[in-house]
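Just the one chain here, laid out as structure tokens, in the form predicted on its own.
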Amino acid sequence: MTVLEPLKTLTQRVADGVLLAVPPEYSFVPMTLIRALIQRPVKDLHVLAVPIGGMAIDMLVGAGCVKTLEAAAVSLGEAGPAPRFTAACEEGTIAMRDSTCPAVHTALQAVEKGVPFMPLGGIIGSDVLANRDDWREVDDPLEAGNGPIVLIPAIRPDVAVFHSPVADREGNVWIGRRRELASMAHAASETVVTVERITDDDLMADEATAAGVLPAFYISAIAEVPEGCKPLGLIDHYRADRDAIRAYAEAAATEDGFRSYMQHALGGGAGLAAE
């Protein structure tokens, strides 16, 4: 049964050392929850970007919360490269596993289907494949002359996190057309969600909304956190604050700048995991 709980309690569901699935910048990123995890601080995370990362992952990396990261890309989009991620890769302070967008989705879909791996085409001969010893290239097992394929092992996150505009009191959460959130929740052992608001309406009862709703069966806990995506945007609620994102990119270009920014963002009372 889905539990409604305060944000501080919700953060305790993301234990040190877990495999954490985080959505891309365009898809309901729980920025307030991410900052709360840094403030705790969470440590030794194995992070899976589904399938690319942005400001949330850059903050986690810069704060020393991340041990390993698997992603197809990490950047701040129009604001430029993700500075703390870039520095961590150059300095070797995180273990980076390069992936592709289809490969990340395929790994989660394998868990959805209850199989240990899924086949994927399109990356034969790539440098990414050449540097992934856990992916296996095999001949067409049906011997139908289709050429080689790559087998992608299933990835089951310990915890998936995202922010949504609304959930109901039964624990059903609206995700609209953002199907990567469904794959994350289906594959993860636990899914914790922050939302703009809790409604008394049953989101599953209306045919107009039900198709865009993730059933409570997949949700472990929810916290009501208004404006929980800021400074990123949330569809039909608020736009991304481009000036704030650029300000972060400029500050985070240096270690000292990043720490000054985060101390301000976290209210001055936070310890960062790297300290």
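Model, not experiment: these values are computed from the prediction. All residue numbers are counted from 1 along the displayed sequence.
What follows is about the form predicted together with a further copy of the same chain, which we do not show.
Out of the listed residues I155, V192, M118, V195, M118 is the one that sits within 4.5 Å of a further copy of the same chain in the predicted complex by at least one heavy atom.
Listed stretches are 205 to 213, 222 to 230, 40 to 48, 56 to 64; the contact stretch with a further copy of the same chain in the predicted complex is 205 to 213, by a heavy atom cutoff of 4.5 Å. In the predicted complex, at least one heavy atom of I149 sits within 4.5 Å of a heavy atom of a further copy of the same chain.
Among heavy atoms of I235, some come within 4.5 Å of a further copy of the same chain in the predicted complex.
When contacts are judged by a 4.5 Å heavy atom cut-off, T199 does not count as touching a further copy of the same chain in the predicted complex. Residues are counted as partner-facing when one of their heavy atoms sits within 4.5 Å of a further copy of the same chain in the predicted complex; in 2 to 25 not one qualifies.
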